[in-house]
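Quick heads-up: it's one chain on its own, the form predicted alone, in structure tokens.
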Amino acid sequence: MNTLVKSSDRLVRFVNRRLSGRAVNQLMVRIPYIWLLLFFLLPLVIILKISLADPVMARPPYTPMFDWAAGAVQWFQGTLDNYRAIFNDRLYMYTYWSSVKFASVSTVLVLLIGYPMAYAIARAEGKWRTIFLLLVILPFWTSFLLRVYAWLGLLNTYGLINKTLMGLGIIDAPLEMMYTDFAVYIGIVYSYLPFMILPLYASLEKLDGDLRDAAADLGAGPVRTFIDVTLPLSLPGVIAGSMLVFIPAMGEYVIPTLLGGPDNLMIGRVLYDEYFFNMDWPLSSAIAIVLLSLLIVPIMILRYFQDKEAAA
């Protein structure tokens, strides 16, 4: 009898542990979904709602979700006027195109600079590889705003670069570098270069050196080996790095504001002006929704290659 009771107690404790462990596992699985729901999906729904509202002189400065009228709830009626204003105004269309241009050209420049650097780091010996990676990550230890401000002193009319060139006799008058497209490209390339190097390094570091040796044994030169072996195998890193640069560069605000001029419009700057200066929250929310729509395809491409690389 005592043996039966002890066995029953052990069975009950075992079942309780299993149930509690299952509950903990389910909770741990659901936490990321709860996080995404609260801090991504819900704010996105709120922004979408505001983009369909009308601006009003109130606090908040847009029509509410519902209102009391004649003792009954009057539900919010959406409008597409904000989206019509965006697509009918050439300024907004030009700004979106300018953002795509700046982001695309900057991504290509970052790739051309970052690929040789990542390749060199991947082929370096262990001690030097650690040092090079540390140098790549080192800028993140400094405020992003301070790093952009530093370029003001470098690119200014009488900044370090112009003084050095004039001191060497290369130029007679200072170059106009500030408040130009050149300054914006410099700021974006410098700021986002680590986002290209690190994914490329992760792909190149996993390449099997025997494949390059086999290509050389078959008569392929260094260029042919790179085109036929190294580049195709590193393509996931190229795509991931390009998307990590292109996506945030599309909505960049700090760099074009500090380094660019009035002609260097990007959508992040226009969105800020509409939100804080014009106080037109519905229009600025519509601008953000259109920007997000433009970035859906790059985000899906990035997700695809991340899943592919994780499965490899």
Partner chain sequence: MNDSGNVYKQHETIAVNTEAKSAPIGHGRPWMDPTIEPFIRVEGVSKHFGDFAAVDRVDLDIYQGELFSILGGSGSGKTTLLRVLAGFEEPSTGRVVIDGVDMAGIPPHRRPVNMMFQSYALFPHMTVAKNIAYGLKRDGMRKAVISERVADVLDLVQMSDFGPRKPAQLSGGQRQRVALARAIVKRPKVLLLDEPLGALDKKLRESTQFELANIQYKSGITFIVVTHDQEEAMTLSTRIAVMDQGRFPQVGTPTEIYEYPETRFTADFIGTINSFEGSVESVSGSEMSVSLPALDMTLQVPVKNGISNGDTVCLAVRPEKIWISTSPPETADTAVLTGTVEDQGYFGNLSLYRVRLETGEIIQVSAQNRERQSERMIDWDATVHIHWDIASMVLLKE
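Positions refer to the first chain, counted from 1. This one's a predicted model, so the numbers in the text were calculated from it and none came from an experiment.
Not on display, but discussed next: the form predicted together with the partner chain.
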| How about residue 205: is it within 4.5 Å of the partner chain in the model of the complex, going by heavy atoms? | no
| message | Residue-level question: is residue 224 within 4.5 Å of the partner chain in the model of the complex, judged on heavy atoms? | response | yes
| task | Answer with yes or no whether residue 217 is in contact with the partner chain in the model of the complex, where contact means some heavy atom within 4.5 Å. | result | yes
| message | Is residue 81 near the partner chain? Define near as a heavy atom within 4.5 Å, in the model of the complex. | response | no
| task | Could you work out which of 186, 198, 229, 155 is the residue within 4.5 angstroms of the partner chain in the model of the complex, going by heavy atoms? | result | 229
| request: Would you kindly say which of 108, 100, 93, 233 lies with a heavy atom within 4.5 Å of the partner chain in the model of the complex? | output: 233
| task | Counting only non-hydrogen atoms, choose the one of 173-181, 206-214, 125-133, 84-92 that falls within 4.5 Å of the partner chain in the model of the complex. | result | 206-214
